[in-house]
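Single chain ahead, written as structure tokens, the form predicted alone.
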Amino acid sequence: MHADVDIPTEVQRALTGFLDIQQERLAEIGPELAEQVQAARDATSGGKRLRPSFCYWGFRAAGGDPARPILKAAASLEMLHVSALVHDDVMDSSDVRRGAPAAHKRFEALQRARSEASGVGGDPVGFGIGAAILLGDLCLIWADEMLHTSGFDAAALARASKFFDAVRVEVTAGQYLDLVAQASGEADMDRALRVLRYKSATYTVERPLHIGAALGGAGQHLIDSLSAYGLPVGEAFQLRDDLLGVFGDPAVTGKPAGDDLREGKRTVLVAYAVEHASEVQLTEFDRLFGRPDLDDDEIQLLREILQDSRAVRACEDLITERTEDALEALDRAPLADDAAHKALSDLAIAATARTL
């Protein structure tokens, strides 16, 4: 990403090395656990590495020495991310993640193959869901272990743990808000904005920055300045994600087109459309939205309602406003490293103007 460090490569190296250790540990319990480790390996391969990148540059912004093991610590956020994705896919009944079967579908297929080969065995669907929940739990535990065995001293880890604890609570709380929103069957703008903040913005940008900065010894002024930059970037990131969930190219996003419409995700995009659609549009929207069997024509009709109600334009405007707010806050931030300003500016654009 930047000339002085290859963040994705170093993060991958840290994740691979950590999982090599876990594989040896779990092999002592039983060979069956190899399936969990391999699923974790596959789930932690690739991806945008945004959270470790924000963590790294938060560290540099605080004057942290890049020779320290910051990328080992930052990799813990990728493990946390995988935990959240695995659980999220179970709750949303999503079949695909990054162009491959979601974890619960992967385990379901494994169990079905075993059952067919032996002629005996339990319910593959139930097995897949249970195994995926356990994988998500393992990754959550491993995220904590990765941070605390990264090589930082106890004082630095104590500073960072406050924020690491906060992000785990916030992303879980945000996920519950999301479940409540979907179960309510109502498009509530206030709730959609709270989901946006706690399920994504704090977890994707603000807290990774805080964790890195805390490991680098940041004071409260820098922490606050990074929030002023990180929260609007995180919100713009999720707004872009919501647009891609409806209009993105499956070949690029790795998820089927219109999945968010089939799942009935009550996003800011949807909340705006419900508030501003005509009565005729709203009737049609309510008839189709959240139906898992939507065909391509019905998805296209929902897309047209989102566009005609100006919900898409409103989200694009919010993305632009949030990104501008973030860049202005970055200009005011007391960064200890000039390279951090350029990197964080580039990351803000990469996170909000993406196609996947």
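Position 1 is the first residue in the sequence shown; the rest follow in order. Predicted model, so just to flag it, every value in this text is computed and none were measured.
As for the form predicted in complex with another copy of the chain, it is not shown, yet the points below apply to it.
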Residue 31 within 4.5 Å of another copy of the chain in the model of the complex, heavy atoms: yes
Proximity of residue 111 to another copy of the chain in the model of the complex, heavy atoms at 4.5 Å: yes
Contact label in the model of the complex: residue 272 to another copy of the chain, heavy atom within 4.5 Å: no
Non-hydrogen atom contact residue 251 with another copy of the chain in the model of the complex at 4.5 angstroms: no
Contact residue in the model of the complex, chosen from 91, 100, 244, 228 - any heavy atom within 4.5 Å of another copy of the chain: 91
In the model of the complex, the one of 268, 156, 71, 138 near another copy of the chain [non-hydrogen atom within 4.5 angstroms]: 138
Candidate stretches 183-191, 274-282, 218-226, 235-243 - the one whose heavy atoms come within 4.5 Å of another copy of the chain in the model of the complex: 183-191
Candidate site 299, 339 and 351: all three near another copy of the chain in the model of the complex by heavy atom within 4.5 Å: no
Heavy atom contacts to another copy of the chain in the model of the complex at 4.5 Å, residues of 144-158 in sequence order: 144, 145, 148, 154
